[in-house]
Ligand code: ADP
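What follows is a single chain, given as structure tokens, in the form predicted alone.
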């Protein structure tokens, strides 16, 4: 029997890679599952405006993603609160068949994105060694290559490879205990276990969770820098797994020697195979875009794909964002995404990332200039309303524009050492305000335009 929240969680995992980050955060992720009525999933929308947007633009992709995970759910209905009394008796827990894309969300299983596979990974000169190492590890974990350390710039495919390894391992070695975790998650769990006064076994349970694995996969290990307690814990976890011939796979945006961590941990990270991923050449970038189009059902000609590939030279995630922007814009205006006039209109305020990469500093500076506040006040400890709202808007824009390339913990550290939950609160608060508060929505738009047109 599956609970409705498990069903919805899996549909969200499937949908997240099929729509833009902005569309997912603002629209899809705002829906709440009500239950199953016969072969139909009922979803609740906060407002009628949101319901109309999803119905017209995202319902079809939601249906496809739902059917990909739960073949017996044939349709989706989005309702508002005033329509709840008209819905028949819905089931909160159902016994339905699941596809191979279903993710068991128990603690011993990792949530790998089903679309991130070796088959969907475009191989070129820039990543062929990393791809070959990843393939070898997926076929025979814990033997020849251990540990594996994959490094490269933001948006070049490190996480894709990690998930591809994970999906392959789950398929071929279902008996193995596999854990995929970001460095942020590991740090937060460690801190929580240290401060959990309600559970005397909190630290013991934390250690058992990670030290009894067959495969540990940790993303973005550069964020271990300056965290001495967590480094100590990681050192002992690494040793225990390594000495037991368990597979360790790590990723970072820089090689081990450049990470500011203890020398003994740095040495262990470099013990096995180090594989780097470099920015792809033009031909590979176009091939990646073609693969993305095939996966999402987009029909774009080579001229448009070439234009995107020429604009973005060092970030696959940015290329996908530009691709989604063209499709979204053409859908909204009812135009042809292959019409270069439509394409140019869609991208007219899009930053040319090859020459002018947007950073946290750019977003902070634009926010300070817009609200006429001092930088030290915005990122500091002041809590008066004149500072809090601009700070929350700034955090929301950082999360929205830079996405997963900047972890929440890092944003919190940037803003005076705030906790990641504070960052999440600011992000979610402004996201909600943008739907209901025209003033906030206009301010966000103005600052966004300022950032892209600087």
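Residue numbers count along the first chain shown, from 1. Bear in mind that the values here come from a model prediction, so they are computed numbers and not experimental data.
Only in words, not in the display: the form predicted in complex with the ligand, which the text now covers.
- Across the proposed site, 155, 292 and 316 without exception bring a heavy atom within 4.5 Å of the ligand in the predicted bound form.
- Note on the partner interface in the predicted bound form: the residue among 320, 276, 214, 184 having a heavy atom within 4.5 angstroms of the ligand is 320.
- Between the options 305, 241, 363, 288, the residue in contact with the ligand in the predicted bound form by a heavy atom within 4.5 angstroms is 288.
- Contact with the ligand in the predicted bound form, defined as any heavy atom within 4.5 Å, is confined among 205-213, 327-335, 168-176, 117-125 to 117-125.
- The ligand is not drawn, but in the predicted bound form it has a heavy atom within 4.5 Å of residue 159.
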